[in-house]
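As a starting point, one isolated chain is supplied in structure tokens, in the form predicted on its own.
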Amino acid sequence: MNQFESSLSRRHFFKQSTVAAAAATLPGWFLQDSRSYAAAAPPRSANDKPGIALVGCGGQGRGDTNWAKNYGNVVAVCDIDENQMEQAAKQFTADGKAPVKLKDFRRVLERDDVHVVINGTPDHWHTLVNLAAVRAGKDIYSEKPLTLTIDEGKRLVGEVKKWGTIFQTGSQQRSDPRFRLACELVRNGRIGKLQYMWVGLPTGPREGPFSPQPVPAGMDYDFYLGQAPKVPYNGHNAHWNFRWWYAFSGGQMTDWGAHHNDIAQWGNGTERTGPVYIDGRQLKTMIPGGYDAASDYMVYFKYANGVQMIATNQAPNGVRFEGTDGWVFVDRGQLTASKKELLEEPLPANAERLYKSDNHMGNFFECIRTRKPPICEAEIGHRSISVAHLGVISVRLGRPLQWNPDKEQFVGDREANKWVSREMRKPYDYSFIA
């Protein structure tokens, strides 16, 4: 990565990171300003509670639905694994009434008592479930990464706009005041002209090889595979571990990358576009027959505005913005800066303020009532994960790429453009939800 190594080395990052942080809590002026925003309202009455269906009953989906039940009634749960579906049905039984259990999400979407879908499926199922729910007239809260490919995202954004769906991507860091303040400081020039962004991601697992195992009782493994190539079940390619396989996801680059890329794009003011240059490298070879999504990686990006970004597992988990006059670093526990004044001095009255939400699920249900766009609508979720997909493609090709974010195509690169979409295994292609 010659451009990256000549302008922003790992040594530069770690040297700069030794500077003492100015503060680890939100400044008082920001907290006072935040009180002026309206909070998400709870249901106004028992009749103001929409019917909720959970599709994908793993831990993340059940966690999301546990928040959603504060704003509606869970009337249906759906999963291709009967054990997970049973757990969800028990968890969301209320007043002695259990939600309906259905194995095929298409049957869920036929129900008139379902108004909202919580999509907690693995990444490779997100798009088909979301597209079908949009066309069925449901509002959707979808887990991230939003899509498996860039082409899927383009299709989804178009359908959401066409049908007027309220669609919230589960990038909940947008509803964390630390991340919002960091982005407001950057957008208002508090650190001077933004030059570099560091996206620190976790290291993925590097394990294997794995041998075929019997499919667990109660699991429809072919339905689980869906559009992905038909491969044997091995005990490590389903449920939580699906994310370490390229067939189903993209490793930590798409998992945590969906979160932190979103914040970097927000701070850079590029949340509805993307980079123009990508150069990615896999730093360790994966074990044959084991997980195949890169565990150690470094990806360099450049934007049309000149800002450079590096996404890597070699940096602290979080997002660091570096400008000509200082830096700010934000993660889920702290917001720090190179100088105390960067945080303590209030933004001026005419400063650009960003969409404010302190409750990601609450914001979604409030927007269902008002029909206003939520804080992380489909286009924003698509653009954020597109950055990660671009990184994965460059890493897998092993060379730099030029990207046109307006056309959402690689520039003069037929081979790379083949990776914008993937062949979908029948019958689990787009005709499955026609």
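These figures come from a predicted structure and were not determined experimentally. One rule holds for the numbers: they count along the sequence shown, beginning at 1.
Although not depicted, the form predicted in complex with a small molecule is the subject of the following passage.
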{"query": "Option from 93-101, 120-128, 285-293, 318-326 whose residues, in the predicted bound form, bring a heavy atom within 4.5 Å of the small molecule", "finding": "120-128"}
{"query": "Heavy atom within 4.5 Å of the small molecule in the predicted bound form - residue from Asp81, Asp279, Glu271, Asp331", "finding": "Asp81"}
{"query": "Proximity to the small molecule in the predicted bound form, single hit among Glu159, Asp255, Asp176, Asp151 (heavy atom within 4.5 Å)", "finding": "Asp255"}
{"query": "4.5 Å heavy atom contact, Ala53 and the small molecule in the predicted bound form", "finding": "no"}
{"query": "Touches the small molecule in the predicted bound form: Glu143 (any heavy atom, 4.5 Å)", "finding": "yes"}
{"query": "Residue contact check: Pro27 to the small molecule in the predicted bound form, 4.5 Å heavy atom", "finding": "no"}
{"query": "Residue contact check: Lys302 to the small molecule in the predicted bound form, 4.5 Å heavy atom", "finding": "no"}
{"query": "The small molecule in the predicted bound form reached by all of Gly137, Trp163 and Arg369, non-hydrogen atom within 4.5 Å", "finding": "no"}
